[in-house]
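For reference, the chain that follows is the form predicted on its own, supplied as structure tokens.
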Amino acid sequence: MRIGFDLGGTKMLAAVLDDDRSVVARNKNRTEGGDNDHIFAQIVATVDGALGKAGASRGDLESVGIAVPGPIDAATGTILYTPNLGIRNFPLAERLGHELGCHIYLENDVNAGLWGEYVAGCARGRRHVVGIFPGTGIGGGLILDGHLYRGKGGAAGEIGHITVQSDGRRCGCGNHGCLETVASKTAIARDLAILAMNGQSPVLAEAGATDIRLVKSGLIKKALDAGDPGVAEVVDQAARFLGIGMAAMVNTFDPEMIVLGGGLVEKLGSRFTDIAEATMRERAMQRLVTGVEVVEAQLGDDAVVVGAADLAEAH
């Protein structure tokens, strides 16, 4: 029996998978934060809860794959840093392995999600795949010749930090004009909050969305559906910038497929992805972009847990 685990900044999800990579039981808990020991206790409780729902026990476990939102040392199973959880230099694999009595494997959450789509979702049967996931930032993952590509230090796929405006806004990484600054949900929310503040979007203003934290993907879709032209302008511009980033990926890696995912893509759907794809096809080298498929991720929240569990079994 295998478990895939998604360690998120706001929630933890443990899923028990069968041999066909189908989820047979899930257990989701709110991430309460705290020090390493407190978070470890939450992870163990969430795993035990999933086992209980599956009618199983720790003795049935063969492996657990943990997807982590931040840099890791996969060789030692150490979480180096998680921006939203405050975990630093935590040897989770060793400690959890002792607790549960099984093999533990750590992977970056974006890599795990793309791998899940590769083995059980929209990218099955492909060998060269780029994954781009606009959210708070822009996560990226690479599968090259059927293998997850991590780079020399395990951090390959930082697609959100491609420079698309040399004199653009400052990014959280310290650079200026990164793709994240113009195409992430955070970038969209920042511009929409200004519209709400200026009274240029009735839907956003009614929702009190002058606070960027209130501009969720669902609210953006609601404003678009209401025909708000200012909101449409902001969203369409972000989609075009995303397409520029996609074109760079096509020119660099010559993929068969680009997978777009995350909550923003799920909510906005083809309205967002069609513009991004059209821009990609205008800007990428024509001999490379011909035949590239652009698809929306298929598995939702399950992509990460399926990918993490599969990678744990393979390693």
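The first residue of the sequence shown is number 1, and the count goes up from there. Quantities reported herein were computed from a predicted structural model and do not represent experimental measurements.
There is another form of this protein, the form predicted in complex with a further copy of the same chain, and it is not shown here; the text below is about that form.
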{"item": "Touches a further copy of the same chain in the model of the complex: A155 (any heavy atom, 4.5 Å)", "value": "yes"}
{"item": "N89, heavy atom within 4.5 angstroms of a further copy of the same chain in the model of the complex", "value": "no"}
{"item": "P71: touches a further copy of the same chain in the model of the complex, heavy atom cutoff 4.5 angstroms", "value": "yes"}
{"item": "4.5 angstroms heavy atom contact with a further copy of the same chain in the model of the complex for R26", "value": "no"}
{"item": "Output flag, T10, Q42 and H103 jointly within 4.5 Å of a further copy of the same chain in the model of the complex, heavy atom basis", "value": "no"}
{"item": "Option touching a further copy of the same chain, based on a heavy atom within 4.5 Å in the model of the complex, out of L85, L96, L224, I244", "value": "I244"}
{"item": "Answer option from D274, E256, D48, E62, heavy atom within 4.5 Å of a further copy of the same chain in the model of the complex", "value": "E256"}
{"item": "Answer range among 113-121, 224-232, 157-165, 183-191 for contact with a further copy of the same chain, defined in the model of the complex as heavy atoms within 4.5 Å", "value": "157-165"}
{"item": "Residues in 274-289 with any heavy atom within 4.5 Å of a further copy of the same chain in the model of the complex", "value": "R283, M285, R287, L288"}
